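So this first bit is one chain, no partners, the form predicted on its own, shown in structure tokens.
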Amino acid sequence: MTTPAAKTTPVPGESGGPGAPARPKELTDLAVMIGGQGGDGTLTVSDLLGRYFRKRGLYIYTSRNVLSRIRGGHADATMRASRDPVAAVKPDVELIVAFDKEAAEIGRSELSPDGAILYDSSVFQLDLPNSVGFPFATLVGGAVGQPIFKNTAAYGAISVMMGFDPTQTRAVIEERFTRRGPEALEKNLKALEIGRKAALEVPGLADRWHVADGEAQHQILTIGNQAVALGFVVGGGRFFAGYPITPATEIMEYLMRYLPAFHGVVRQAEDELAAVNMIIGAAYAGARVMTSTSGPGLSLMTEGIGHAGTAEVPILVADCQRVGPSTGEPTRHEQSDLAHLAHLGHGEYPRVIVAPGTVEDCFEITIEALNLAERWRLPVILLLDQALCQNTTTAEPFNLSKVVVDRGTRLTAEQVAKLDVYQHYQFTPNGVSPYVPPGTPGVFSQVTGNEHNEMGHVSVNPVNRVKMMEKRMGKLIHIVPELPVPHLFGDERAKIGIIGYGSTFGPIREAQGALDRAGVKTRFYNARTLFPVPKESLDPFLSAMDVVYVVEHNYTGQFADLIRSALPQHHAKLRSIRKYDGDSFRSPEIVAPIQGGQ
């Protein structure tokens, strides 16, 4: 038999190593990084660990770093399990599982002082004081017949290192692989036992850590894209058209699963141009609609969104931001579409940009965005980002009792019968014209992206143009009381403010905790409406602060610039904390500049 531990170096602090403790170290917040080549199954290990810790009542947050290719190239994932709610990557990791040398090299800078590296010694060798090597690929290749099962064997070895309950460890494999058939399940269970046996044969490796159980048994495990899809279904959405694009594709995939049962329709269009025009047509016909995309697709949709704005057709566009411009880095994280969205397209028309910060927000704000679009008959942009869209996290079960579907002013056939004439673009005090679905007896309406009069007839009359522009743009004034309000966190008396949106929520909240422990009090303005800039809530927040840090993932500080343009009197107070390397913020990257007073 092949020696299980082809290369084993005692890990400082473990049983049998220097400074060995008398009992396993108890952890309440743990992170494991798994890395290898695309196709090595790194995400599978992360998923298995997340499932196990979920059974133990812990909060989970899993991030991933993969290339835009089917196979090959480095890929890694980091799984975090904690007794307390988490929504950010842990600054350091306790364990690195390396299927290639690059994983060990990348992760070493984030390894905690008493951390360990578990690596596949059948692929490469490490000569580090905190490394443990197993020939995973060789062990499973001979016994199971395929080296790919090394990921399950690694999960088995980890389960020994962390003192997992063997029954629940096996249950995770059964839950994950039963649907793939008896043969796949049998092979994975065999690989699990190979990994466990190999780890048990290494003196002092078992029970290196124990992870304390938590109390989050009622939580669900999901991603932002799934929450958006569920929000669309529950919020009355019945027509979706889109084109696959990372990191938005899961929204369409989930809707293909959910929507038909509610008599809804999902269409994969030939491109983003077709997708946006499909939803415009469906919305005019009376359906609640949505499309999802990312930067390159958003560029193609720009003209269509402008058409919806001037034609006053209610549409919802979910923009899952990634690194740009052009193709950029399709699988990496950024928040650099905001400036484009706030000034989307040629000409001027009303649009609203809302931004969830958590998966619960993704569900709730999707429903709210659908209501806003139909009440005010305009395009609404649901601004997401790669980390929020695709990182797995635990969340409170979505509260269906709070769901309200408001379709705005829609006239019935009886109401129409009392009218002398129906005007699709009727002037009203708040700019919203009553809507009648096509096909309603006695109604004729004309809808166009050209400038038009109240009947929808094309018009270039200067007086009419002024009235129509003021009608449409005036919506952004009247809509303000109905927009999603910010969430505020921290000390109400603090003089240091932090502003952020989207997935910066988690790192900022962790940074606040670290700053508070250091005696630095802060107040966090979690923006949920970005455009029109929420001056009514931002102005008093900024007025109460001596200095405010705007945390965002782009080079130019796009949200900070929007705030400065809307509230120039606070220009001197604003500072930017920016990150644009494709990775999410870690809390120390926010703490350091605030403590340094930059």
Partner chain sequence: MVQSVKPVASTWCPGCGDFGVLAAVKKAVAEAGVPVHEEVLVGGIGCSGGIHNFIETNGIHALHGRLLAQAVGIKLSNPGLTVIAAGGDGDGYAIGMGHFMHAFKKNVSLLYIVMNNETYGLTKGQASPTSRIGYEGNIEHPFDAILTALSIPVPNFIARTFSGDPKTMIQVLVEAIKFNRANHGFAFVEDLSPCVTYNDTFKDWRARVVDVATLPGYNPADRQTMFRLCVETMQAGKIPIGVMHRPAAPDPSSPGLELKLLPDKIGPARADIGLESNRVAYEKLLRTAA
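Every value quoted in this text rests on a predicted model; they were computed, and no experiment measured them. Residue numbers count along the first chain shown, from 1.
Heads up, the form predicted in complex with its partner chain isn't pictured, but that's what we're talking about next.
Trainee: Does the trio 267, 271 and 363 actually contact its partner chain in the model of the complex, every residue with a heavy atom within 4.5 Å?
Mentor: The answer is yes; 267, 271 and 363 each reach its partner chain.
Trainee: Looking in the model of the complex, any heavy atom of residue 304 within 4.5 Å of its partner chain?
Mentor: Taking the distances in the model of the complex, the answer for residue 304 is yes, it comes within 4.5 Å of its partner chain.
Trainee: Report whether the minimum heavy atom distance between residue 280 and its partner chain in the model of the complex is within 4.5 Å.
Mentor: Taking the distances in the model of the complex, the answer for residue 280 is yes, it comes within 4.5 Å of its partner chain.
Trainee: Looking at the partner-bound form in the model of the complex, is residue 493 within 4.5 Å of its partner chain by any heavy atom?
Mentor: Residue 493 lies outside the contact set for its partner chain.
Trainee: Though only this chain appears here, would residue 226 touch its partner chain in the model of the complex if you measure heavy atom gaps against 4.5 Å?
Mentor: Yes, contact at 4.5 Å.
Trainee: Have a look at 253, 110, 100, 193 for me and say which one sits with a heavy atom within 4.5 Å of its partner chain in the model of the complex.
Mentor: In short, 253.
Trainee: Can you work out which of 203, 438, 408, 513 has a heavy atom no more than 4.5 Å from its partner chain in the model of the complex?
Mentor: Checked against the cut-off, the match is 438.
Trainee: From the candidate stretches 91-99, 522-530, 239-247, 482-490, select the single one in contact with its partner chain in the model of the complex, where contact means a heavy atom within 4.5 Å.
Mentor: Within 4.5 Å of the partner lies stretch 239-247.
Trainee: Check each residue of 412-430 against its partner chain in the model of the complex and list those with a heavy atom within 4.5 Å, in sequence order.
Mentor: The stretch 412-430, when checked against its partner chain in the model of the complex, contributes 416, 419, 420, 421, 422 at the 4.5 Å heavy-atom cut-off.
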